[in-house]
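The chain below stands alone and is given as structure tokens, in the form predicted alone.
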């Protein structure tokens, strides 16, 4: 009888183990299916997170940020809200609106930090956790944010200066399309710091693309010694390529940020290199880290920024990344 009992116990144990293994496998498959279909993979409360950026209209960079944020929100059962303005005062007012709505978390950019300082402080006093993304790594912690997600703009600029030297460039133009954006200033000053040649800033109105092209073209025509043009956003790279052709210049066009058109330009040789700061990752991680904080009081970074760049992308990398740029995640 004892022998029979032992056999039965062994069979029952194996059966239960098999059920457990199958159940675990099915649960994992269900989770993956839910994520793929945009359904929540967690059973936490349906919190509301809002993101307010300094983006102007039609900036494809922020489309990629939003895609990452929305996919993380779907996974984490988050109701995601998005608003933007390239006017600092308006951006601050949008943040205040979400504070008044008592959202459960805020994601903001600090392109013009002083304009955002007071409203971020209001959010933290109201008990709303804040994460900064993209711009404002130096101010983020002092303003009370949990962490900052993005690239160090000065370090990114320094990487550009080094890359220009490796390519043998001697005179470069750094095209700033949003005056007052501290991140843009840091990029150009970082490049000037490490570049062995001469780098000059060119300020343009990024909301008027024909004027951007005309300003770059005029510079290239009046100074044929310019052998590199660095734009600070993917949409402006194409404007620089067109300006170069019209001016009959031999300057190399390089850019910050990556999208499908930039990847195609790199592959075709119209662009020399791009600096990728992985905007999809910025949006995705911002939402995911807010969820982790609400769920488990987790904070990533230990008081330091969580870096998503810079990564120098050249023509040889473009083919590998083209699949991701075409679907709008790089």
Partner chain sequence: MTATAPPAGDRTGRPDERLLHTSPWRKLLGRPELGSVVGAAAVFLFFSVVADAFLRTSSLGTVLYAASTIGIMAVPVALLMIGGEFDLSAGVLVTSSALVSSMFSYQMTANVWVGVLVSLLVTLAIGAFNGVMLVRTRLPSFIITLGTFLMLTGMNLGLTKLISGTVSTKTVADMEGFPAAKAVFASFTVGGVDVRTTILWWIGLVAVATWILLRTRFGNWIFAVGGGAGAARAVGVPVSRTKILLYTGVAFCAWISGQHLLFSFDVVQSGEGVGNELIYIIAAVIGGCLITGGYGSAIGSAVGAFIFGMTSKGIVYAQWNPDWFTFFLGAMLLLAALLNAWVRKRAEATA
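All values reported here derive from a predicted model rather than from experimental measurement. Positions refer to the first chain, counted from 1.
Although not depicted, the form predicted in complex with the partner chain is the subject of the following passage.
Self-check item: Heavy atom of residue 222 within 4.5 Å of the partner chain in the predicted bound form
Solution: Residue 222: no, not in contact with the partner chain in the predicted bound form.
Exercise. Evaluate residue 43 for contact with the partner chain in the predicted bound form, applying a 4.5 angstroms cut-off between non-hydrogen atoms, and reply yes or no.
Key: No, residue 43 is distant from the partner.
Quiz item: Wondering, does residue 208 line up within 4.5 Å of the partner chain in the predicted bound form on heavy atoms?
Solution: Outside the cut-off, so no.
Practice problem: Evaluate residue 114 for contact with the partner chain in the predicted bound form, applying a 4.5 angstroms cut-off between non-hydrogen atoms, and reply yes or no. | Solution: Residue 114 belongs to the contact set for the partner chain.
Quiz item: Using a 4.5 Å heavy atom cut-off, which stretch among 190-198, 245-253, 162-170, 88-96 contacts the partner chain in the predicted bound form?
Solution: Every other range fails; the passing one is 88-96.
Quiz item: Of 81, 128, 146, 74, which residue is found within 4.5 angstroms of the partner chain in the predicted bound form when only non-hydrogen atoms are counted?
Solution: For this set of options, the contacting one is 81.
Quiz item: What residues, if any, in 185-213 have a non-hydrogen atom within 4.5 angstroms of the partner chain in the predicted bound form?
Solution: Read in sequence order, the residues that approach the partner chain (within 4.5 Å, in the predicted bound form) are 185, 201, 203.
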